[in-house]
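Presented below, as structure tokens, is a lone chain in the form predicted alone.
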Amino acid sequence: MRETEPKMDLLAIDDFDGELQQLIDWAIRMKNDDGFADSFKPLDGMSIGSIYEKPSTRTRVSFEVGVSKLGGQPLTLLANDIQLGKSESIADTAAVLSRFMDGITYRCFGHSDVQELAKHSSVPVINALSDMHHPCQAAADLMTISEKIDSVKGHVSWVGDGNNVLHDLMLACASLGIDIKYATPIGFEPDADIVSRAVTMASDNGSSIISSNDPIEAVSDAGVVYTDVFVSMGEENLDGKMDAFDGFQINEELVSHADSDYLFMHCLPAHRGEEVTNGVIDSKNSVVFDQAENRMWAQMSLLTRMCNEAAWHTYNELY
């Protein structure tokens, strides 16, 4: 990252409100440009460090491969590899890594930790997942919807927990003027402050956000049906939580209320037989593996925009 460029951080997807569609369009062009890898290396000479407090499949692989495709050097740092938050403060770790890295991604438990890292880092920081936000997933989700937009009729529907994935899905849909309806069990609603942010954005962009505790209401006439695991990583010992989600499984009966050409989405990994049946996730309507691939392309767009803005604009102008 050039010193003359202001540092950019991505902690929640609305940090790029106003640019999100451009970032998605760029990612789609890159995905479909077979020749870009021969001539376009915006991260050439750069090192991108990725810190993981939680195990990861899609996030780790998509960042490592994506950084390599862009000409950069990925460096993965697992929880036991560094002293982050143990014998060294997050602030000091950020200051040290900034001397070596051109960008940092951080998959953590507490959102305040990625905020602290970004505050003390002099290079761009990407939230690769926290307990409150999952912006890279939302970018991939809206990229997937944009690829299929000609066949999507109706709103985006969420059925399940009011978690970090829903938070950024709401914010992303609101940013792009897409209607969303979500249904969560009583007591498992999304964060009220984030909902308020999303509702304001949606109003500004001519769309709506509707909440309920009724899955059928949320899914009826939906063009997209989305769910996630009911019990997230790190909270497996919550006694009785699963009981609250009785009736919230995405199954063939529930999706019969959606548009016949609906898209089924899930950020993966899926707990088959819990939040979704095999019949739905393996159906012709399912785009879950498109979503998984698009994590890489969306993150490549974000990394280029944040670490080499000039190259990002150049590619947009050329294509």
Ligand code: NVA
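From 1 onward, residues are counted along the sequence shown. Here the structure is a predicted model, which is why all the values come from computation and not from measurement.
One more form of this protein should be noted, the form predicted in complex with the named molecule, which is absent from this view; the next part is about it.
Of the candidate stretches 147-155, 192-200, 163-171, 88-96, only 163-171 has residues whose heavy atoms lie within 4.5 Å of the named molecule in the model of the complex. The shortest heavy atom separation between residue 232 and the named molecule in the model of the complex is within 4.5 Å. By the criterion of a heavy atom within 4.5 Å, residue 102 is excluded from the residues contacting the named molecule in the model of the complex. In the model of the complex, the named molecule stays beyond 4.5 Å of every heavy atom belonging to residue 287. Contact check for residue 116: every heavy atom lies farther than 4.5 Å from the named molecule in the model of the complex. Out of the listed residues 30, 46, 267, 254, 267 is the one that sits within 4.5 Å of the named molecule in the model of the complex by at least one heavy atom.
Taking a 4.5 Å heavy atom cutoff to the named molecule in the model of the complex, the contact residue among 125, 159, 129, 138 is 129.
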